[in-house]
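Just one chain follows, in the form predicted alone, and it is written as C-alpha cells.
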C-alpha cells in the first residue's frame, strides 16, 4: 500500500472533483480534526453495557449493546469502506483515470482514518477485524467500482443519520454524537464526489438522496447491515444494539 498522504496536501483528488475555490477552502480538514476528535473521545469514559446477552451464534461477532454497540457498528462499516478503497487503489489503476484514482486515494485515506479512529476509541471493546467479500465487484471495471463506491457512501451517510438517535443522552453519548456528526459530513462529501464522477463531472451530488424537507435519508442498523451483508463475510450479531 502506498504511503498515505493527507488530503489537503494534494491539489487534485477529491478537492479537484468538488470544484471551485470556495469548496476547497471549506473542505473538512479531516486528518487534523480526527486527531483532535480522537483525543477528545479517548479522554471521555465509555459507557459500560448494562445488559449482556449471549451472541446468537458462537461464530458471530457481537457488536455489543449501548453506546459501545453503536461505536462498534460504525467501526464495522468503516472497516468495510476502508477495505474497499484499499482494494480499489491496489487493483483499479487500469479502470480509472489519474484524476479518478486521486479521488479514490483521498477516500481511502479518510476511511482508513475513520477505521483507526474507532479502533483507538473502542480499545479492548473493539470487535475484531472483519473478513470482507468483494467477489461481486469487478475492480477492473470503472462502472463496477463507482457504483459500489456510491452504494457504500450513500449507505454510510444513511447509517450515521440513523444511528445518531441511538446514543445515550449522557455526556459521553453526546460526545459520540458530535464525533459521528463530523464523520457523516465527510461521508456526505464522499458521496457527492462519487455521484459527480458517475455523472462525468456534471455536478451531480446525489440530490435524489435528499427529501422534500431538505433532509438526508436515515436507515436503521438492521437495514444497513442487511444491505451491506453481501460484502461482509464475517457473521455479525447486532441483536443487542439499541432500538
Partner chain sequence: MNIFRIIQEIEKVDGEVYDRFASRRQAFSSLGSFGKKVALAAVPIAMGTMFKKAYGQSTSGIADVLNYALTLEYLEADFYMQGLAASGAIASENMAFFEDVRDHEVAHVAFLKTAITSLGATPVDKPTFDFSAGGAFPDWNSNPATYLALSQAFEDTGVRAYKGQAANLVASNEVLTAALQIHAVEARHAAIVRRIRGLKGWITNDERGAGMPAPTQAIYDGEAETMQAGVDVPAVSGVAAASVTEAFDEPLPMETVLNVASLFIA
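Numbering follows the first chain given and starts at 1. It should be emphasised that the depicted structure is a prediction, and the values quoted were computed from it without experimental measurement.
The same protein also exists as the form predicted in complex with its partner chain; that form is not shown, yet it is the one meant from here on.
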Non-hydrogen atom within 4.5 Å of its partner chain in the model of the complex for each of 160, 178 and 215: yes
Which residue, 130, 96, 121, 137, has a heavy atom that falls within 4.5 Å of its partner chain in the model of the complex? 121
Please check if residue 84 has a heavy atom lying within 4.5 Å of any heavy atom of its partner chain in the model of the complex. no
In the model of the complex, residue 116 touching its partner chain (heavy atom, 4.5 Å): yes
Please check if residue 125 has a heavy atom lying within 4.5 Å of any heavy atom of its partner chain in the model of the complex. no
Just to confirm, residue 68 within 4.5 Å of its partner chain in the model of the complex by heavy atoms? no
Going through 176-193 from first to last, which residues have a non-hydrogen atom within 4.5 Å of its partner chain in the model of the complex? 177, 178, 179, 181, 182, 183, 184, 185, 186, 188, 189, 190, 191, 192, 193
